[in-house]
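Next up: a single chain in structure tokens, the form predicted on its own.
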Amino acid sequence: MSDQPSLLDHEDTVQLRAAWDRVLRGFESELPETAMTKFLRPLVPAGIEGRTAVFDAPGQFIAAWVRDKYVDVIEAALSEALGTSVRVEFRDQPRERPLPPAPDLEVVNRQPAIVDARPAFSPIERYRFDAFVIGQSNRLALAGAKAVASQPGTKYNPLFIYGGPGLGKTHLLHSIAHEIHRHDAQAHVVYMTGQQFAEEFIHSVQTNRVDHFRKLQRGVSVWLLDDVQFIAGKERTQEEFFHTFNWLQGFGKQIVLTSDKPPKDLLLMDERLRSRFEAGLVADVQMPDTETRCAILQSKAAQEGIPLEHEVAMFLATSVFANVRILEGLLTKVAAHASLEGEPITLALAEEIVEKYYRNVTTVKPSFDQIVETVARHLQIPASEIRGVSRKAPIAHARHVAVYVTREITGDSWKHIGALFGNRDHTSMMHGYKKIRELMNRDKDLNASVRLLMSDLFPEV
């Protein structure tokens, strides 16, 4: 018989609920009230299985949203409250929820009236443009987001932002909403996820209220849709999405979409939608380099009032090569442990936290030799030639790709990269990097090839 605690152990459940109450009280001063009310307070502690705390969530959307946005913060705070390290899992326990009454949607002079039928969207307070740390990995996406926020519906419509989880896509959507509301407090901005769109549409079909659903979607000024990939493969949902997209765009309403992949890689998405996604600006956000990760940690620490020395921030940024969400969770863990011990955040503490919590979950940054070997394998050019002095076109191209990948992954200075390539001048390294970046912007096949190469070196965290 297993000696692990189970969901039937009443004492563990009581302990978990008490710890969760303490965590919620602590979150009240740190997290937006909207997030607390809509997502965190509805979670119900179900019990503990081994080292996993299980929570019941009222529906797939809430479970997925909390898992995506706050799991690291919850795990850190709950571990501290329980006095032992735990993981957190969320179970989908759907509850019935009535739809609001359908409003009348009038069209005057072929312009859609703004219908305030959906609860007002309150963007997360800390997700603003001035809190978004800019780097080479997100520069185009940030520029696009600022452009549509300043002139919604007139430029880059749609704006399509793609990249892996935790890299700032949701931050940009909320920043757009903040900026639009700053200029026009009456602007009807709607934010939802692809999963939420699919669930609400299915519910409207089941309850024979599709017309009501359409009125809610189309009576908006700005439509922000996060994680659009969740509608891929859902034939009827995609059909409804297609008509909503066309309706909004036809009336000049701004559409901003995010996804984990570029449109061309959404293989289960209707071809008509993919072509429309690519009609505007398509911008990516990539894994931040070392300097950007350090800046993200320092920015987050400043926002939270956490004293963090540059030396410690740089150690964390160098040791944990991960997305923004994991970096924020890392900072939370370090700060929580320092607070628990009543000590300042030191380099020794940072080393202890990285070793204890991140040794097995974070991919180690590949070495220069690994990068060159991977480029050599992908492009079928000997690694010795890439490191060598030959200027033959295929070899020079492979060398430029290796320079680009080295800079993107390591974030090292041009002088240091030049030294790695046999003490070459830093200007030649900059030239090689710029050449590949420009080629990738024009050549989709090269773009895909380089991204595949980089994913082999560093699988998504």
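These figures come from a predicted structure and were not determined experimentally. Residues carry their position along the shown sequence, with the first being 1.
In what follows, reference is made to the form predicted together with adenosine-5'-diphosphate (ADP), a form of this protein that is not presented.
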**Prompt:** Which one of Y358, F121, F315, Y127 is close to adenosine-5'-diphosphate (ADP) in the predicted complex, taking close to mean a heavy atom within 4.5 Å?
**Reply:** Y127
**Complete:** Heavy atom within 4.5 Å of adenosine-5'-diphosphate (ADP) in the predicted complex, from candidates V220, A77, L330, I296, belongs to I296
**Asked** Taking heavy atoms only, is G164 within 4.5 angstroms of adenosine-5'-diphosphate (ADP) in the predicted complex?
**Response** yes
**Request:** Report yes if any heavy atom of H212 sits within 4.5 Å of a heavy atom of adenosine-5'-diphosphate (ADP) in the predicted complex; otherwise report no.
**Result:** no
**Asked** According to a 4.5 angstroms non-hydrogen atom cut-off, is Q254 in contact with adenosine-5'-diphosphate (ADP) in the predicted complex?
**Response** no
**Prompt:** Taking heavy atoms and a 4.5 Å cut-off, does F132 contact adenosine-5'-diphosphate (ADP) in the predicted complex?
**Reply:** yes
**Prompt:** Which of these stretches, 380-388, 321-329, 69-77, 305-313, has heavy atoms within 4.5 Å of adenosine-5'-diphosphate (ADP) in the predicted complex?
**Reply:** 321-329
**Message:** Within 4.5 Å of adenosine-5'-diphosphate (ADP) in the predicted complex - does that hold for a heavy atom of every one of T193, T244 and R276?
**Reply:** no
**Prompt:** Against the shown form, C-alpha atoms of A64 and R128 in the predicted complex: closer or farther, for a change of 3 Å or more?
**Reply:** closer
**Asked** Considering a change of 3 Å or more, are the Cα atoms of R67 and V312 closer or farther in the predicted complex than here?
**Response** closer
